[in-house]
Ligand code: PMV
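A lone chain, given as structure tokens: the form predicted on its own.
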């Protein structure tokens, strides 16, 4: 009873930040629908980072207790009690469904920085739900897998699918699930992640999200996010990059406004985060000013500026959203303010979501 799986992280275009107070907190039922892009590193993009988590799990009578490890270059690190509680939320539910009480050993490996605001928990719990359900021979479909992955990390429900994904908030375990909006090649978008800080953030998303309700802006954020989810869903299906980018940027600012005004306040950005944000905004402003001058016949066609947008999850690192054909222009824009090539990760929508693989970590 052993299986391994791969999964990719995702970047939320409409964010998940806050659990429903009408349901048990362990279910991770969100306060609003969210929209995301499951992301993978563009091949041959000269990046040392690959946006993949691999997990192997084995159930056996030879194990006397449940154990889990994170595989790193320096050796395997055993998960602590709090981390194992999150892991067992997923595995216990799957064991109950399979009517199995065998203990397990699990090893997980991230090919990118862990707990740095790059959604490593999303890919980790998506991979865990996928390989654990396979090892237990449950035969779950993608919708069902997204429900179990959600128990470990809300955003993990979205990483079960590739391409573009909607997480329906629902009002119960059975009705809160993720579904694919469209596949990777049906909406023209790419991104460069500017790695501002690869270190572990001081306050994890799983902890920080508990403070959302203390912000006076949270009710407004929830209401606007519900409206924006509908708008972005429509824009993705119509390949409307401008609408997706502008709304995603606003939604990001709503979420961070809630974070900064929570009790205690959460400040995930640092000065370099703001430096990149200002560069994106100024470059886009130049693009539209140039575009307007061309339309008025005042200026000949040129290549000034760039249409790009930013979004930031719970961390300092920034996703600069652009069209596929503009990804190198976006890289040049970041180089202008001192972001090195080694601190850029070029990404695109992933072809696949989580999936079982034959290679094991132990």
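Positions refer to the first chain, counted from 1. What you are looking at is a predicted structure, and each value in this text was computed from that prediction instead of being measured.
Heads up, the form predicted together with the named molecule isn't pictured, but that's what we're talking about next.
Of the stretches 333-341, 309-317, 62-70, 49-57, only 309-317 has residues with a heavy atom within 4.5 Å of the named molecule in the model of the complex. This chain is drawn without the named molecule; in the model of the complex, the residue among 110, 205, 248, 146 with a heavy atom within 4.5 Å of it is 205. In terms of contact with the named molecule in the model of the complex, the residue from 291, 103, 86, 275 that brings a heavy atom within 4.5 Å is 86.
For the chain shown alone, residue 255 is a contact residue for the named molecule in the model of the complex, at least one non-hydrogen atom being within 4.5 angstroms. Taking the partner from the other structure, the named molecule in the model of the complex has no heavy atom within 4.5 Å of any heavy atom of residue 130.
Put simply, residue 158 is close to the named molecule in the model of the complex: some heavy atom of it is within 4.5 Å.
Although the partner is absent here, residue 12 sits close enough that one of its heavy atoms falls within 4.5 Å of the named molecule in the model of the complex.
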